[in-house]
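The chain below stands alone, shown as structure tokens; this is the form predicted alone.
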């Protein structure tokens, strides 16, 4: 099992974002879940990869040639795939992944998340999509998405395709309720 993680190539202004990114990578490794991500070594991207590698996990980076200098290829990956375009990057990341999680990031993170969520809505895949809501980072987005539903531009069923959790353990268990690696040892699906 592999999870694609979208997150910032910046570190943000709060150290807790970096700590959470490193911790999420470490948690994936602990659970035996591979990480697919943007391939860079800077910002939160680098930290999620560092966390997964520190835990002995599989880390697959996918980076377009044009961003290699800016995002600085990570030197300690299981695999690094270099693509010609952003479109190829996103398609390959989606193909290699069983689900998608967004941590804090900017417009690139939002675009990647919204694209895979849209693909789910359109039936192109049935992979879970989620936000890891670190320090309430996605509270305003959640409110806005609920506003979109209330205004009749998004069906509630399609809104529910995007899970939002503050706790990474709960997030993984909710995304993959029937997969043993994603489950917490002390809770079953009925406890969520």
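Positions refer to the first chain, counted from 1. On a predicted model such as this, the values are computed, not experimentally measured, just so you know.
What comes next is about the form predicted together with a small molecule, which is not displayed.
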**Message:** Only one of 33, 145, 131, 67 gets a heavy atom within 4.5 Å of the small molecule in the predicted bound form. Which one?
**Reply:** 67
**Prompt:** When you measure heavy atoms, are 19, 50 and 168 every one within 4.5 angstroms of the small molecule in the predicted bound form?
**Reply:** no
**Prompt:** So in the predicted bound form, does any heavy atom of residue 122 sit within 4.5 Å of the small molecule?
**Reply:** no
**Message:** I'd like to check something about residue 109: if you look in the predicted bound form, is any of its heavy atoms closer than or equal to 4.5 Å to a heavy atom of the small molecule?
**Reply:** yes
**Prompt:** in the predicted bound form, does residue 74 have a heavy atom within 4.5 Å of the small molecule?
**Reply:** no
**Prompt:** So in the predicted bound form, does residue 9 come within 4.5 Å of the small molecule, heavy atom to heavy atom?
**Reply:** yes
